[in-house]
Ligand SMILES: Nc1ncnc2c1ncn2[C@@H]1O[C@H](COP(=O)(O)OP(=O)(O)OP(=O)(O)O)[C@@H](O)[C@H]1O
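Take a look at this single chain in structure tokens; it is the form predicted alone.
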Amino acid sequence: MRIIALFNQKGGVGKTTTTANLGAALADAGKRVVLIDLDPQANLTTHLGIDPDADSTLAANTYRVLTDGIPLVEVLQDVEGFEGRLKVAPAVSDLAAAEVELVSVVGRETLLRKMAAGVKADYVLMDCPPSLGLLSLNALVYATEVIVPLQAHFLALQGMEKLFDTVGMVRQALNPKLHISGILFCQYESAAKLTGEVTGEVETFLAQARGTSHPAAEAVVFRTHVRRNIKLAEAPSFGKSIFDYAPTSAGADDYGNLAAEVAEMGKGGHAKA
């Protein structure tokens, strides 16, 4: 079972879009996929057609997993149209209070890992909030790998060092299996000069990390770049994946290719871009 955190402390870089559509693509390929919404904004939950304000959802969500000790398997909901292959642990806005409520709880960083003990799937994908707080920390302690969605902007590079430091500290103190497996460029515009410069800097950095103890020592830049595509922005408002909303769009093509690449990586066959 591969347990992947989609993590970047910056917002608006494509974490939720990638979690939803990568998960849908893997499920379409016949894999059993569990998605976990750890963002109090509950955008992943909405993207998958589940109303985070509905009474049925309020009774079973990631907030209650962390604060009431409900096993994660008990809050999983089937995503419509996937015949049980795609399930989601939904979020609600109450999740924002979890960090305060759990401040005095012993072992609060490992709660998700403990509550997820009964989960069985080929892939677990976690949509992390755009922060380095307790919710993201729980995801990193549970995960075995991190995929970093990134925009090809200069400012995006400035936060990478802090992100790598965070992953390194978690690996050293709480989760020695954790590593960064890939960098995914989202909202990609190949014609922009800055895009090529930023992509080149990231590839150079990863090359320098090879053979070291750096958490990104084995990371790759995915060959697939998720292009800027209006259909990807529209799909969440309809509660659908890009494959259901616009199956012939560039977004569907990109996430289909990414799913194949992620699966290839799991077999040890990924080649660096």
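The structure displayed is predicted, hence computed values, not measured ones. One-based numbering along the sequence shown.
What comes next is about the form predicted in complex with the ligand, which is not displayed.
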Going by heavy atom distances of 4.5 angstroms or less, which of Leu66, Val34, Val226, Leu26 would be at the interface with the ligand in the predicted bound form? Val226
Quick one: find which of 213-221, 241-249, 228-236, 66-74 has residues within 4.5 Å of the ligand in the predicted bound form by heavy atom distance. 228-236
Hey, in the predicted bound form, is Ser181 touching the ligand, heavy atoms inside 4.5 Å? no
Is there any non-hydrogen atom of Gly168 lying within 4.5 Å of the ligand in the predicted bound form? no
Hey, in the predicted bound form, does Gln187 get a heavy atom within 4.5 angstroms of the ligand? yes
Would you check, heavy atoms only and a 4.5 Å threshold, whether Gln41 touches the ligand in the predicted bound form? yes
Partner contacts in the predicted bound form for 1-27 (non-hydrogen atom within 4.5 angstroms of the ligand): Lys10, Gly11, Gly12, Val13, Gly14, Lys15, Thr16, Thr17
